[in-house]
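So this one's two forms of a single chain, laid out as structure tokens and tagged structure 1 and structure 2.
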Structure 1
Amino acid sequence: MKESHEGFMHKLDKSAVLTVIGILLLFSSAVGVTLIAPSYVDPSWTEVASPYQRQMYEVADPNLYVSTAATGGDELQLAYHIKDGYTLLAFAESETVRIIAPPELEKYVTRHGESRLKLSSKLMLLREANAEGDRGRQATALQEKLQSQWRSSHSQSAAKELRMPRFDILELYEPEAKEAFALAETDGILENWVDSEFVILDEEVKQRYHEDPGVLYVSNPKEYRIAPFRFGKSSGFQYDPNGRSIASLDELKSPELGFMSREELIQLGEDIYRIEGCWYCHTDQTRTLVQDTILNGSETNAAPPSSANEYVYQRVTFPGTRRIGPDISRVGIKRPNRDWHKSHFWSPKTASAGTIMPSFRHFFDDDPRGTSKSPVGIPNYKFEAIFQYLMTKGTRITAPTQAWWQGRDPVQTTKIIEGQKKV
């Protein structure tokens, strides 16, 4: 019995030693793979997908601010934080917009009919031309000239049927500050982008992204001004071109105004997506299978398969394994309509018949005043956060001018799904 007992202990000691050695080998292998393997990985998998993606996350998102409408409705107010020497600005005329400028700023205006867009990071803004003074007389004369040209280019019968368009005469000026807040006329998803026929008029390169082959820019910025309002027993603020300027970024983000940057909303939306367990039922990956590329695109414009560089700005990725619900990797293109997502989160079965998705009415607030025209509650910050997060899906792989939904194929999707190119 004694010899048997000693033999067992000897085997146990040997097993323990082997276990420790095995753990050390596994740990050493893991460390080695972690340190060495990245040098053999295709860099396109770890770098950003495109200059557009980098600029959207690093330039646009931190400087676009979102808040709900003043009267408690479900519409949004958006403002750009523009900074001297950083934000690229364009002052471009159109059929119905004309710009008057002092001689020293004339070179920054892209006149109607000019093919090359002029950009600059010099902080300038537009405003309605003052009715008084030289600028006012210049604006009045230009308005009369444009109206006369319109009448002369239309016959009397056509002029009676067509309504004369409203011509906006704007004045270009330099504010005294080095930063300002501009009214953002955007859907909150895509931004102005140019990659051909443009010139940056700065004397020297001010920012790294200014050297990219294409750039994001703010078009015809007008200062975002506010004025107080009263609605019943409630009071607050609203945009007013004749109101007061916003003193600082701290004021813009104060509880009174309630603005959050799109960057903050996207990060919060990622957290909400994780906490709510959305990844249990929805994958976030377009596979290289034909059914995936067609399902998330179309027969004529196949969606590109997912690659690692799409997720470089996420803190957590959710590729998922089960598709109880549809894949979300291209939902920003397939479902860009904010109203659809409002209805879907409020009552999923109404928007998607037969779905087992639960409602997320905690993404909405009640409207005790009854001022909202929407049949659903008023979206709160949780809805806006997850909506902004979802709108990054598929919209930032390539610039809009090269995007797959435009029929372009910059990532060679067809070759990938036919096996001619490996991802």
Structure 2
Amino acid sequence: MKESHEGFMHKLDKSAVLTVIGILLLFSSAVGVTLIAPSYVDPSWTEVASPYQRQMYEVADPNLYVSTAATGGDELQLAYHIKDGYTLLAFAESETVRIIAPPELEKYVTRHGESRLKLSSKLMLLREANAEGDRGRQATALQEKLQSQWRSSHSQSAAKELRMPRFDILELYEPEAKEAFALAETDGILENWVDSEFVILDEEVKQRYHEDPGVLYVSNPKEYRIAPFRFGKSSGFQYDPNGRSIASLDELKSPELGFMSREELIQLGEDIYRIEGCWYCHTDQTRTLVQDTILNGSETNAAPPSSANEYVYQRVTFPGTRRIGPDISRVGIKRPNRDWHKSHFWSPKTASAGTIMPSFRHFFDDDPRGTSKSPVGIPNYKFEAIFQYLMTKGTRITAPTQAWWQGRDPVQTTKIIEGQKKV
């Protein structure tokens, strides 16, 4: 036994032993580097860039729902899931929208002309104040007053030319429920953000992001109520202010209503971007090179180069290597328009005649037998997903009000380009 063992060791070439030791050393040092190195990485690579970015993904996205199914067509419907003690709400008047409120809710209304926005985490909603009774009379009186003010401030000839605006009188009320689904007015990009001149009226806010310097809020929420409709052979549900409330999140996400959270859509969009191979032709990085920052910027300000922390919420990143099409890392700012993307995916040649970008007609539901006269397809969830994904590109580094093209450039691109500052 002893003899054969010695014999084996004897036969083993010395270099083989060294190779094995070498492999073990390499392996253990690789493990060591992987474990130790991250604590020396600049934290700005792995942490979100701004409280705004965190709020957009962690607070707003999971609570904003998107659907096209409810209208049975083209129109995008957005609903916020608002919760008592959690969501910040603002009830703000404008030139043409006025709010009447019972005395106990009066303090939550930001009156027309007040510069400081009042926010509250108490669940309240607005509704058309055309009901009978005291509130109704109060609304009619206010509307008539505004109309006569408008008439007296416009000369007769001007009044003939201009149409009198519809003065909406909304009533603030407290629903019985602890949560509600509210109609959202947005074109797919969230912009309800305040970073100055606001006050939160109640202390009972159950989520910590409200302590950040700026906050996301829902402006003038009205309940998203639905009523069944039937048109020809199709039937479904649509928004109807006099319809019934949505009972639960499950109902909102049911196949009939078809709402998906924006977060889910963005993740799906990421998958579609991968599966469709968009990254063969597009890069997703604004390099520090002048041509990138200028091309992705605006007339007055260059775009900031991409930084690692912009991608922290992505599961897969697609920096890309070839630019057959333009870079898409700032496309949410360059092209925020949903209609533009609709026509571009349906037929890229409408946007630019010589493009080799293929059309993506499976992002649309059209008549498979081709008997429909409408040449434009109705966008389906795939379009919605890729659109929402594209809209995250460049829009979430800072609050919209701080955006670099308005002069506050977070990474000081201009200085980098002019050589005054090193990257």
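All residue numbers here follow the sequence of structure 1, with the first residue given the number 1. The structure presented is a predicted model; accordingly, all values stated were derived computationally and were not measured. What we label the rigid core is the largest C-alpha set whose atoms superpose within 1.5 Å from one form to the other.
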| Two forms of the same chain here; which is the form predicted in complex with heme C? | 2
| message | If the core is used for the superposition, what shift in Å does the C-alpha of Leu18 show between structure 1 and structure 2? | response | 3.1
